[in-house]
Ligand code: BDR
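Single chain ahead, written as structure tokens, the form predicted alone.
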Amino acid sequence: MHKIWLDTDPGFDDWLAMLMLSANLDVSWLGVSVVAGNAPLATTYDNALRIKKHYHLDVPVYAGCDAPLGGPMETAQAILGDAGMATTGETLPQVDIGALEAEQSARIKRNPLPHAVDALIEAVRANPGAITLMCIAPLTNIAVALQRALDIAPLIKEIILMGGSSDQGNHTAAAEFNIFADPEAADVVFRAGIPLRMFGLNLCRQLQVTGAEVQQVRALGTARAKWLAGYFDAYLRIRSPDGSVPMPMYDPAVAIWLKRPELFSFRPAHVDIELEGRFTRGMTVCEFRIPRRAQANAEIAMTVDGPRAMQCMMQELLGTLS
């Protein structure tokens, strides 16, 4: 049984990862910390609560950091839209944030709700050596937790991260978005000595979705499937206006690994975060010559059986929506 704490910035592909976590019977999902990333914090937190409410996710959700440790705020709204996730169909209905927060406060007997960083620190201390941090967003919340509570790094079982790349970037030529949005935070995390698995762009490009998967969701006919299908369709159209070109899956890669680890292969590496390069800020510099040139601080996901991984993802999603 995996005890999982999710750190996220929803985002459509974050939404898919959340649904996969909820469907995984081998996961004990302890909490969700939300951070600014795909959009400002107010938007990503609102998205997380709407997903929680309308998809009946029984997990506490906490608002976290609203700005990176260093450098200017960076979002993906130029690609994903102002809401951090677009749709070609009906918008996921709004929720009463105050009412949801009051309900959650009553359940955990804490009013007001703690900041996400404080909630994360409390969870790690209450479950020493047991929690895996699943990070699919800029690493600001995690870095602040490590800086605020120096005792927790040895208490974290593992970090599984969608971020970085062992080759080219996406937000810039050299850098993947989650790392580029707060490279100082990523530097803190990669230097913390916590066992870490990195699922980078090099891996995620092997996970391809097409219009066939959108149609599988739409064909279910339920309200929850109908909402998801519209966002899924818009996500597919990021790469091509008509949705005809397959689109990589990013954040769900980590959730797929939790369900089907045998589909993946890894290589040990020492990963440094480039903080100052004019053209390379946010780059994950991967030294694979281990141990001749460096000591490993991460396991880098290198290959995945893409078709079987996509089959796993769809099976989990369709089960949650039917």
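Computed from a predicted structure; not experimentally measured. Residue numbers run from 1 along the displayed sequence.
Same protein, other form: the form predicted in complex with the named molecule, not shown, and the subject of what follows.
The chain is drawn here without the named molecule; in the predicted complex, the stretch among 172-180, 124-132, 111-119, 190-198 whose residues come within 4.5 Å of it by any heavy atom is 172-180. Proximity to the named molecule in the predicted complex, taken as a non-hydrogen atom within 4.5 angstroms, holds for one residue of I142, I136, L203, M85, which is I136.
The named molecule in the predicted complex comes within 4.5 Å of a heavy atom belonging to L80. Y250 belongs to the set of residues with a heavy atom inside 4.5 Å of the named molecule in the predicted complex. The named molecule in the predicted complex is approached by N38, whose closest heavy atom lies within 4.5 angstroms of it. The named molecule in the predicted complex comes within 4.5 Å of no heavy atom belonging to I156.
For the partner-free chain shown, D9, D13, D14 of 1-37 come within 4.5 angstroms of the named molecule in the predicted complex, judged by any non-hydrogen atom.
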